[in-house]
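Given next, in structure tokens, is a single chain: the form predicted alone.
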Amino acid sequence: MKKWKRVDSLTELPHKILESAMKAGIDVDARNRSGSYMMIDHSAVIAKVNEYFKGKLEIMDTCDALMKYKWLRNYVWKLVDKEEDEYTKKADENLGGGYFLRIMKNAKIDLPLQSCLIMASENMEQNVHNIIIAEEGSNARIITGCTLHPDVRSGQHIGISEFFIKRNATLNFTMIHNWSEETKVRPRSAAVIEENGKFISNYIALKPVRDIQMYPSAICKGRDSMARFNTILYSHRGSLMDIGSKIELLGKNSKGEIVSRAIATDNSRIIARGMLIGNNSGVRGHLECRGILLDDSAEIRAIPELIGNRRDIDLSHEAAIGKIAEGEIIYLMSRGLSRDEATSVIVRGFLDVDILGLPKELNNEIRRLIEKTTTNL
């Protein structure tokens, strides 16, 4: 496996690497980013904070951070159990790196941080462990892209991510997966949110993949804490996406929401799971899953779970799976579109990024990515 050298700018990397990164939402010139991290295979090629934000945030490779900070050992494997399954064990035994992102106390970061994990070697197993700490009173957005070199067809990605949202902190985290039909993907992630903290996690997967299995969890530990998971999925060409989210509402008056939009076609399967657990008085939670089947070869399963352990809680869910209404297609065709073009327009409208609650600029970036992916399905 090639050892990649460090660079001062993402623009110094080969064109094909940059091409893949951009498809996963990465801004190559980084002018609209507060900092950048990129790992190719198991080589951290850049971990850089933009000058304006120095002292407000920190970006390092996880291995480097563990060598620099002894206290970081108190965060590693605290939310995800290293013995959970064969994949967590592999990540623990064969750590290849990952990103350490820390937003400093009371720092308000008005441009997103970005990170990118790329597999550039055929049939490799990429093992990463990411640690994200939003210190007290901080506010930041992160966009992460995971992808393959254009010439690589297969591999396995194992990504461990642990998020620590301190008191009065807000973190908006967006992950975009851009894999291939022969890639196996196993993210394992968890977050803990302290008093009045907010954690919003957005997950977007639009390209074919062999199979993805992930079930991120959030613990709303503090009073008035909040967690929200938003998921946008487009599964096709035999892909299996087994994707869910879990929120445990431990803090008094804490809130949780899980929202997913799923489209399946071409002999693919989506399993959309969701769980809300109410364990304290005054907690509220809602779970929503909507799916569209584009043909009879595909399958979507919605599996919502609500668990209540107090009488004064409010948990709800709704799920709906169906097809595109023929009347909508006929109307658009009457306006001059072909059937395929009409289907694409409806799909793009269904995969509405407004549910993600992103700022306007980032919202537009994600919308352009979805439009590029779903044009002429």
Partner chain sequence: MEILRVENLHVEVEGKEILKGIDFGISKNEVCVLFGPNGAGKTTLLMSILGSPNYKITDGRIIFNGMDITNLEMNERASLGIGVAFQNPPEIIGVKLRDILRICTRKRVNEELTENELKLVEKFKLTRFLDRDINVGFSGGEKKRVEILQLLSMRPKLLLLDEPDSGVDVESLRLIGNEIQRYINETGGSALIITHHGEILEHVDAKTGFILLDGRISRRGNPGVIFHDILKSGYRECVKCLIRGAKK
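The shown structure was predicted, so the numbers you read here are calculated from the model rather than taken from an experiment. Positions refer to the first chain, counted from 1.
One more form of this protein exists, namely the form predicted together with the partner chain; it is left out here, but the text below deals with it.
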* Stretch in contact in the predicted complex with the partner chain, which is absent here, among 331-339, 304-312, 32-40, 52-60 (heavy atoms within 4.5 Å) -> 331-339
* Would the partner chain be touched by all three of 327, 346 and 350 in the predicted complex, meaning a heavy atom each within 4.5 Å? -> yes
* residue 261 near the partner chain in the predicted complex, any heavy atom under 4.5 Å? -> yes
* To do: Please run the contact check for residue 354 against the partner chain in the predicted complex: heavy atoms, 4.5 angstroms, yes or no?
  => yes
* Contact of residue 246 with the partner chain in the predicted complex (heavy atom, 4.5 Å) -> no
* **Contact label in the predicted complex: residue 102 to the partner chain, heavy atom within 4.5 Å** => no
* Answer option from 255, 290, 236, 198, heavy atom within 4.5 Å of the partner chain in the predicted complex -> 290
